[in-house]
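One chain is shown next in structure tokens, namely the form predicted alone.
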């Protein structure tokens, strides 16, 4: 490698929510990238202690407004396990549809915020002017996605109708049938739009390879998973819920208010790029076509954005089938319900869910009817160290062809972070 030296900091990344501090220093001997999240601590895991467990999912959904549905549903599942409550089968399917709709909505917006990096445009505004038809179509698909969600859960942000031992919105058979048809239409339109995207979507850092291609997803026991009792790592290890904290090492770092995680002492990643690889045998023909159209290279971390678009196609098809099957089972409607619970219960519950940006873990203990312990590990935390390692490898890769210039490196490091996660507040909870 040729001699080089570079050192700079980044305190703001366009199209990324949250306060951060990225520090880069490197030469031909060593390269260091430090990714710090500077959101003020909010102590969610502390202030739920001594509270009524039924309140906790609604409190935990406030960790993030953008992905409040997954925090709500994952927290709900963990609380129900800790309370010894078995939810109704129909309510589990409703939660699957709600959770999947959030993935679809988040993936579309993540693509819209990140695609300027791959099309030579400065930001989403400039992209909308250069490619108005594509921009308008994605926004229309997003609006229709939110409309489908409202028919399932009501309000999208901090949904009040889903909770532990509770479902508060009646859902009629004709609504489920309509939802299934609309999701099928969305899938077809996403597939058609992929042809236009393929013409403008250029690779970023082509030839760059992820130096640590280890990932974590949910174990798929019965179809494309939105919830699971187990984690699956890329080396094939399956980890049951009660063993996650023996497998995932969660560490505090001095330059960030967020933790980061390791698996067998090494970084790992999570998200759409990981899921499409792990669930390749579950992908629909339409999803496979989109993957080929967009020429997704799983070895390149920037390709996570393309993977999110392809996953949007997958999710719409999966949910269309779930809604159709649920409609066929329902005579008239799924009625609201509230299950009885013991006021003085003691127990422990761990739930895993597929969040838009990756794998989410909620873990609770209840003692004598009150919350005693809470731990939440978000995808942003799982990805944090992996971002640093890939940033360091990226700078070495750039240096292999000459002196990396600060003005060249800054935007590509920013693009790398956007490819992983455009919403950082979840990391500090």
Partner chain sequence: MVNVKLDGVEVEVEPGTTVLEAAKKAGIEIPHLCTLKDLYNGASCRLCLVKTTRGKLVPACAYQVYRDEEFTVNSLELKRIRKVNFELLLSFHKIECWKCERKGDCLLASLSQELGVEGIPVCSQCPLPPEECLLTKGILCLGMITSSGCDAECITSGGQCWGCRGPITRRDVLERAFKRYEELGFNIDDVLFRAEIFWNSVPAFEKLKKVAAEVRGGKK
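Positions refer to the first chain, counted from 1. Because the structure is predicted, anything quoted here is derived from the model rather than measured.
Although not depicted, the form predicted together with its partner chain is the subject of the following passage.
Each of 37, 261 and 268 within 4.5 Å of its partner chain in the predicted bound form, by any heavy atom, yes or no? No residue of the spot touches its partner chain in the predicted bound form.
Would residue 247 show up as a contact with its partner chain in the predicted bound form if we use heavy atoms at 4.5 Å? No, residue 247 sits far enough from its partner chain in the predicted bound form that none of its heavy atoms falls within 4.5 Å.
Closest heavy atom of residue 288 to its partner chain in the predicted bound form, within 4.5 Å or not? Output for residue 288 is no: heavy atoms all beyond 4.5 Å of its partner chain.
Determine whether any heavy atom of residue 366 comes within 4.5 Å of a heavy atom of its partner chain in the predicted bound form, and answer yes or no. Residue 366 lies outside the contact set for its partner chain.
Tell me, yes or no, whether residue 44 is in contact with its partner chain in the predicted bound form, where a contact means a heavy atom of each within 4.5 Å. Result no; residue 44 lies far from its partner chain in the predicted bound form.
Have a look at 240, 168, 213, 84 for me and say which one sits with a heavy atom within 4.5 Å of its partner chain in the predicted bound form. Exactly one listed residue reaches within 4.5 Å, namely 168.
Option touching its partner chain, based on a heavy atom within 4.5 Å in the predicted bound form, out of 230, 335, 155, 173: If I apply the 4.5 Å criterion carefully, the residue I get is 155.
For the interface check, one of 358-366, 56-64, 375-383, 27-35 should have non-hydrogen atoms within 4.5 Å of its partner chain in the predicted bound form; which one? Stretch with heavy atoms near the partner: 56-64.
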